[in-house]
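Below, in structure tokens: the form predicted alone, a single chain.
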Amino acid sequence: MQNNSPIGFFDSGVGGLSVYARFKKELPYENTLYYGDLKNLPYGNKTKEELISFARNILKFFQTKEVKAVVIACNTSSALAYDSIKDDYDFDIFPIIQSCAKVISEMNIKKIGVFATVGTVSSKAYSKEIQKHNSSIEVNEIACPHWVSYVESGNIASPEAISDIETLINQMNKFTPDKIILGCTHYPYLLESLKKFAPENLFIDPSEIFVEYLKNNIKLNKSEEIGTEKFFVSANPEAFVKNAKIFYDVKNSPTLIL
């Protein structure tokens, strides 16, 4: 593996493109691969065993591409699969939750809220990882089972979405958090609705923290040429391109990997 070897990113679908887009903006010279596992989405309601199996299949694919690192751009996979796979490959694996938790634990805060998928909240991954580094921080995790569908369907301003968001914000506010982590790659796209009920600076977009962490921990490409990018999906390439527009302009048609 060389410094110009590609970096792999994966998620259940297009949500991880929010991390990918920020990464490409900050590090345009890196060669990248993105794998959207549309065959198995959504990940939020899958078992730990299923998520480990999905991750292993994707990492095996990335091995054939001789990647220098893999980014788990999915909170649910980071929460439930990472610990079981982290030592089994000859490239570095960067999970969004564990990476961000190290940074968040050093912030000057006492109480932090987390909005995330059912799977992530059930795992208590944010609580475990943040408190592993700083046991004095209180963490309150709340599941938001419908928020991904609001983003992907374009219904972020629908009465149903607004009512649901208001209910969960009110529930979180009882905890009086200093900050709230938007613990799913889709959730920052709900910010316009979220800030109707809480100050915008209350929310943390983990992709911002994550990309800064990656910049400091990945062997960077020394080339001054814009990096290549390739996209792969396990199903529905047309749906991937259509839904990706929310997050990133995918110019290259994705390759279907069966």
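Residue positions are given as counts along the sequence shown, with the first one as 1. Please read these numbers as outputs of a predicted model, since none were measured by experiment. By rigid core we mean the largest C-alpha set that fits within 1.5 Å across both forms.
FYI, the form predicted together with a small molecule isn't displayed, but the following is about it.
Exactly one of the stretches 38-46, 24-32, 226-234, 213-221 approaches the small molecule in the model of the complex with heavy atoms within 4.5 Å, and it is 38-46. Checking L168, V148, A161, I180 against the small molecule in the model of the complex, a heavy atom within 4.5 Å turns up for just one residue: V148. Using a 4.5 angstroms threshold between heavy atoms, A125 stays clear of the small molecule in the model of the complex. For L80, no non-hydrogen atom is located within 4.5 Å of the small molecule in the model of the complex, even though that partner is not displayed.
In the model of the complex, A101 stays away from the small molecule, with no heavy atom inside 4.5 Å. Under a 4.5 angstroms non-hydrogen atom cutoff, the small molecule in the model of the complex has C184 among its neighbouring residues. Core-superposed comparison between the shown form and the other one: CA of E152 displaced by 2 Å or more.
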